[in-house]
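Only one chain is given next, in structure tokens, and it is the form predicted alone.
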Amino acid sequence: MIVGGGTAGWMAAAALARLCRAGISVTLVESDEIGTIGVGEATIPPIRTFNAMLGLDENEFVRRTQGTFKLGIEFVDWQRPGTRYMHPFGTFGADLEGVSFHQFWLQHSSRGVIPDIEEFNLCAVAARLGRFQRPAADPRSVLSTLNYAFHFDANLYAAYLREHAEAQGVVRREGRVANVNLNGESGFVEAVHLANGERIEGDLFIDCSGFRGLLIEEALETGYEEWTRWLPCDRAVAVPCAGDADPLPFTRATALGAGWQWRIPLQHRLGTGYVYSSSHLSDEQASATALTLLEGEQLAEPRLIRFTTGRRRKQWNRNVVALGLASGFLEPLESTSIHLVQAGISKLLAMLPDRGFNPVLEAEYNRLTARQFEQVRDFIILHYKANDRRDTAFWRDAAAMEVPDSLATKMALFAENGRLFRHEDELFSEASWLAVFLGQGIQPERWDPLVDAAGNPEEIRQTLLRMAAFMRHAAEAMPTHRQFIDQHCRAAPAQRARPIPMRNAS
């Protein structure tokens, strides 16, 4: 039983639909009375794995969701006003003699004789040029280093997945959950009662009810671990506007006085909005600012979303697993919202219980999920902590905060000599940490001493310059992003959608 639709609910339904072939019923309950949070959604590359697992055709998926392709995220004014850098997908350069590429770059950049680090990442170069193509299969080709994700309309994605899931046997029940029945002995959820009086029983319940956490919190009182001391933004105001004829193949996050603005280019519009701290800016000021930043015709009234950063103390409690906003919330700065849903589904499939609900499965699921939330949290905190802005109280407070020990250790290791280490199934690669460390102005004091034993510095510099030249040549030969979409996955003109009334929650 999946309670709640939207992106999280229908992702879960589509993934669990295979159980229908084994004679297990999968039912999703949602109410048309309750809107979803979904706006323009940006993703990261693992979404391709999820879609492939479902058997979705990528061109059809992009067409059906008014999607575009994404090679990374550009951060504007984050280190200080006037700066910008790209967090691209894919790798930087190639390692030499068993030593990380970026260590050689650090050595030569300290002497001012090498291009910017972005010139050694094909995704970054192509993004700046507005180019796109899919990666080459041949690992010997520089094009094999390309990696990408998508921008798409989250509501259209949910509708697309609903169609897929129902075709596989998932049953949708329309209705608003009015009451939850708990077993008096075990405390397990036995059934939900709809407002029309209907009772629907289940064995395993998946809570996709949004911030409210209808099952995981209201029924089971799981508790919430709040992270606002590190991530103080607690509001967002979303305002879509008319799009660009030539959509950029990357997301843009622009730092503002009390937070940041997102810019997500779709085929039919731009998703934009302002994520901010209500302690530093009023809702009225945020809405006014968001409107002044629109690049095209305003398509809807500003929509306010309230949230509290953090996570449930357990994502799996008894026979309830929470996904999406019901499991926790991390602001969408690095486009991780859908990935955390995907990761939760993947872990659930790997640990799918029987009716005995072995507590070992629950404990391991919660350990892994908590760890991933914390790793993503640390990566987002880094963007705020490592800033040289002193123009507003928001940024001064961010620079002065004490960060979690896990992040402090990572920052200290990199600042000393550029060393990067990943732990367990950490989502963000060494290349991602490198892009943000350098982009936010953290420059290591020295480079790995193995670099000095690697050979003639001038010969290595020439090797690096050839790498950058290969990247530039390959990117310039690609079609433009618009040309690629027109050739493979251009969507039909979109109808103007009627705005869905939203239920805010904190």
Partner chain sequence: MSAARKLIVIGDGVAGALTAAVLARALANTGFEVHLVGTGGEDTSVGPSTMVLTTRPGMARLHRMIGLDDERLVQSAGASFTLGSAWSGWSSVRPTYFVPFGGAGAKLHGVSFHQLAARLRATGQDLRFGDYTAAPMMAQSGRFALPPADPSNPLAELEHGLHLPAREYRAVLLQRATAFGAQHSRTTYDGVEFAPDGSISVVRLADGSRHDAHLVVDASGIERAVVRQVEDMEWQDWSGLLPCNTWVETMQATNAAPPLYSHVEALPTGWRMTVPTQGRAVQLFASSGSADLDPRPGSTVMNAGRLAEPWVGNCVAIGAAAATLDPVHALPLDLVRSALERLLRLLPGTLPASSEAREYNRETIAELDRSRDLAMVAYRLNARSGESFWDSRRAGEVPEELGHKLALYESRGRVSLLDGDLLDEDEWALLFDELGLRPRRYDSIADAIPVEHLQRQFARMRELTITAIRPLPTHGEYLSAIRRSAAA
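Residue numbers count along the first chain shown, from 1. Source: prediction; values computed, not measured.
The following text describes the form predicted in complex with its partner chain, which does not appear among the structures shown.
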item	value
Heavy atom of each of D32, P115 and H383 within 4.5 Å of its partner chain in the predicted complex	no
L413 within 4.5 Å of its partner chain in the predicted complex, heavy atoms	yes
Contact of H473 with its partner chain in the predicted complex (heavy atom, 4.5 Å)	no
4.5 Å heavy atom contact, N358 to its partner chain in the predicted complex	yes
Contact label in the predicted complex: M401 to its partner chain, heavy atom within 4.5 Å	no
Selected contact from S109, S278, N417, N387, since only one has a non-hydrogen atom within 4.5 angstroms of its partner chain in the predicted complex	N417
Option touching its partner chain, based on a heavy atom within 4.5 Å in the predicted complex, out of R172, R252, R371, R313	R371
Contact segment among 56-64, 42-50, 446-454, 463-471, judged by heavy atoms lying within 4.5 Å of its partner chain in the predicted complex	446-454
Interface residues of 74-88 toward its partner chain, as seen in the predicted complex [heavy atoms, 4.5 Å]	none
